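The chain that follows stands alone, in the form predicted on its own, written as structure tokens.
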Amino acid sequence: MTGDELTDRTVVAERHDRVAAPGHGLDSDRRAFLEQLGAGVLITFAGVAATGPERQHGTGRPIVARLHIGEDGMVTVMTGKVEVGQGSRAQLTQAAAEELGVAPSLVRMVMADTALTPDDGGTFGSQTTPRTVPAVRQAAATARRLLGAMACALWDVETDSVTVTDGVIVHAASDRSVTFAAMAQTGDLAQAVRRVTPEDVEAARVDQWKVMGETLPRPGMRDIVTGAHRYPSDIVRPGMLYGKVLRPPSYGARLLAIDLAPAAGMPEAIVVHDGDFVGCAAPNSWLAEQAVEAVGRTARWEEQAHPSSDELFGYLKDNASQGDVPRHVSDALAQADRQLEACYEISYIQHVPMEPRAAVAEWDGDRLTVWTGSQVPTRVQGELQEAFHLAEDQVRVIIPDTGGGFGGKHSGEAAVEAARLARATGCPVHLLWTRHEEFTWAYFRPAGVIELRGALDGNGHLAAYHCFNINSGGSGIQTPYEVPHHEATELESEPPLRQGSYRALAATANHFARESFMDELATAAGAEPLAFRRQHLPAGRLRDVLEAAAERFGWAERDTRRGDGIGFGLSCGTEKGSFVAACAEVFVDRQAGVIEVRQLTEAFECGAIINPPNLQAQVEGAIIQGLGGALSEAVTFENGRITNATLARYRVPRFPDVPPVEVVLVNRPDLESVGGGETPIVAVAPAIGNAVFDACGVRLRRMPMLGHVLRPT
């Protein structure tokens, strides 16, 4: 970065009162927050995205407050990202500490508050590592250089004649030093930096890392373990009421009439009726629920016809958009020595976060503040603006560290419902969805039908490959293998259930289908599955993780471990810029319909590793979650009603279901870091499915697989 770019993009303010002065454009929430931070150095950036109305005078570009260095030496970092258990709070702390040259204990993160933090995009798509970590590193590196330049100006020494280590600026030639904390107390800093501006700012190379690349436990872990942490469902406001909402009896049902009189005998309960929305607020959740049940018994609904889960896959195919196989692919398929076709089916599944949707809404005149659990604060803010016809600066959304998301908390239904009740009652309202509500009314991972065609030439090599994915999506749909003629197309359908994002989106479905089909093609070619993949993979990152997983698993020695009903399978893939491979050992009892996963080994590579234990936890969590989708998780429904909307009937993995798991983290310090929260899930199901076929000769082409072992397809 050049000196001109720094002058254009960074602003240093020596005191909070100057930053918050009239005319700068910061609203009262930001001013109050900066006053709480106290005097110090605030570094803001122009030309990058931000929430709020602030604009640099004369440019129309947003001003973003990213770092504040206080007189006590504490560094406050602002980010719009959310902590939902994936470790972003620790990772971003490491990024700031690394570039500033301070201990991580001196860095505190302010996350996901639309009135205070920049809009760093939603927390999804494994984007925190490749996008927000570099932004924080750049800001911290800029702050370090600016403080060094300020010291040079104050000491009247040459620019860049100082070093910065452990939060101390040192001018060795004159044996002078000053801490960041002391610099934050020095006057006329803004004037000093105008005299001397650093010419470039470079983040530390991987071989220079001291904080990044090492273990940093999640900040606030003690509060989580002891129960002191306040999740969205734990927020309490003065005078707060508790809300409940009347739900329709089935999907698409329309409210025709309702009598609110039964709640009249409950003087502590307030009933709100607005169109199809009916809700109650009361001093406790039990009273609110009693009021909702009382008025709900009087409701008359018009219900709609709705397909069942038994009809799901035919329904998706019947309502799918049309797609054509490209001529070069269809010709190659027709001319090949051998063709194969297969159809894979993917059920709806739920995200099942530990914490269901929750929100607390509070009005102050025409200004609304909502505390909620979401992965996209600005989307929730936008939904609230639209629902209540408010301007952006009238709505503040605060996201405390949240109890899980997995792609399932992008929207703000609970926030809007709580705000409706709060506006009607004139009190803050707390709304917590039940597990049944979460299973029924939150969106699902899309179901899908995946139709595959492949062909082999006379040498047993892939000659052509084609994929139609109906409804579940296009993530990970393209084959990574070398095939002369190939195409993959996503086709839309008319989904019977509400669907949306899920960990790795459709990449899990597409990898399950493709990697299972690769084993089918290998069998047709008379080839061993690992050798067949190596034959069609160029040298590089995907082949490297495949070989790392196979070596750690002991793939070459699997024949010596065989027994009745024991099988071995593998798979590999790439998504979000990272690479994964998995090997599985299973035991299959066909008569009992049992699949027992006895070992899972996975190799994963996402560039330079920032926090090894956190990445290890992410991979292990993805493997366990993938195990549920592979074997047992499926949403069932009939007549517009979810029929397994409880954890007793919806089977997520329990402790006894989890086999020994071995993770191989392939570190690539020569490559940029990318996200690790999603891709590790995609290789689990196909590795298990291929192992089942190896064990008993039955090819399972549906997720989940349990319940289909006795039905060869």
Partner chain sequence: MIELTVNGTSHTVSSDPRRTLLDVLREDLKLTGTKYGCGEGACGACTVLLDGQPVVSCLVLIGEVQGRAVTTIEGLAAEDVLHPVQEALVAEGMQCGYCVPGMALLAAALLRQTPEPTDEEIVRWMGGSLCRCGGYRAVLRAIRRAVGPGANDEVQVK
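In this text, all values refer to a predicted model and were calculated from it rather than measured experimentally. Residue numbers count along the first chain shown, from 1.
We do not show the form predicted together with the partner chain, though everything after this point is about it.
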Residue-level question: is G227 within 4.5 Å of the partner chain in the model of the complex, judged on heavy atoms? yes
Give a yes or no for A506: in the model of the complex, does one of its heavy atoms lie within 4.5 Å of a heavy atom belonging to the partner chain? no
Though only this chain appears here, would R222 touch the partner chain in the model of the complex if you measure heavy atom gaps against 4.5 Å? yes
In the model of the complex, does G426 come within 4.5 Å of the partner chain, counting heavy atoms only? no
Which listed residue (E362, E345, E585, E633) meets the criterion of a heavy atom within 4.5 Å of the partner chain in the model of the complex? E633
So which of T142, S88, Q375, Q625 reaches within 4.5 angstroms of the partner chain in the model of the complex, heavy atom to heavy atom? Q625
Kindly confirm or deny that A336, A525 and L537 each have some heavy atom within 4.5 angstroms of the partner chain in the model of the complex. no
The chain here is shown without the partner chain. Which stretch in 556-564, 201-209, 299-307, 396-404 comes within 4.5 angstroms of it in the model of the complex, by heavy atom distance? 396-404
Since the partner is left out here, which residues of 230-262 would have a heavy atom within 4.5 Å of the partner chain in the model of the complex? R230, Y231, S233, D234, V236, Y242
